[in-house]
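Only one chain is given next, in structure tokens, and it is the form predicted on its own.
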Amino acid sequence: MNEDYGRLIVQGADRPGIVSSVSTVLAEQGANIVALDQTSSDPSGGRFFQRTVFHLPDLSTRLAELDHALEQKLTDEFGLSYRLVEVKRHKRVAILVSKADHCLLDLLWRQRRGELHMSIPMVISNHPDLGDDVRQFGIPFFHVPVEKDKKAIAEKEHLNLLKGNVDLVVLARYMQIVSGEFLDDVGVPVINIHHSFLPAFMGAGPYQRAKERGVKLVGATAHYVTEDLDEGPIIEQDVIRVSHRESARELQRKGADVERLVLSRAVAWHLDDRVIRDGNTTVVF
């Protein structure tokens, strides 16, 4: 069903004529627009964002020609940046994990069912605990220990595995802080999931401390990773209500449910090119 379908993601300074120009280029190439979303932060001097899905017969062989026409119109004439994507080409996603399995297994299950349009070339963990679970899905599992004061050695091994082999890295409850050097060198986006108690309950035992403070909401946040810890552009968030009746263990269980749902939505939206980063914020179509 995805054969000959493409996506065009456009962003830049807003000005009159962008939508018309995109439509004209696609029409001149013989493409039929099947979905289009757009927004502007301000019609007078704001930022413009557009996601277009189109059908073009023999897209694979005509991609270079279409790309050249778009570059001439959108980049050279309007100063816009754009991405041109073939829908049928699934993104390659590596998952990094520690010991918690709920987010990892949810992603593997959804990928196997065809709910997430991606391939998973590898799962990397700083613990061996989940190796057998991952191998049951037919996916290679790599155990890369992270020793104290030797994180750079582990990250070098990560990069040897990842560079050139993946389009996205997902931290599915990977309980290590990745360095700015790693983010610069890996060359692809990195998505993280964490509970929304941050920063109020950072560190060990956050659910117990949340219970002691009488929290009324449990939530999770999925975001792109930057060098600023847990401050990257947010993709998705969600919460559920809780009360004094739940124990700390029950809060943690409910929190895990929210985490896996929020992460799977964020990953799905990224895979479908619905998320456009703009500085430290995002537009999600």
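Note that the structure is a prediction, hence the values are computed from the model and not measured. Residue indices: 1-based, along the sequence shown.
Omitted from view is the form predicted together with another copy of the chain, to which the following refers.
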Of the listed stretches (143-151, 207-215, 79-87, 185-193), which one has a non-hydrogen atom within 4.5 Å of another copy of the chain in the predicted complex? 207-215
So in the predicted complex, is another copy of the chain close enough to residue 251 to count as touching (4.5 Å, heavy atoms)? no
Contact of residue 66 with another copy of the chain in the predicted complex (heavy atom, 4.5 Å): no
Another copy of the chain contact in the predicted complex: residue 9, any heavy atom under 4.5 Å: no
Can residue 127 be called a contact residue for another copy of the chain in the predicted complex at 4.5 Å between heavy atoms? no
Scan 262-285 and write down, in order along the chain, each residue with a heavy atom lying within 4.5 Å of another copy of the chain in the predicted complex. 265, 280, 281, 282, 283, 284, 285
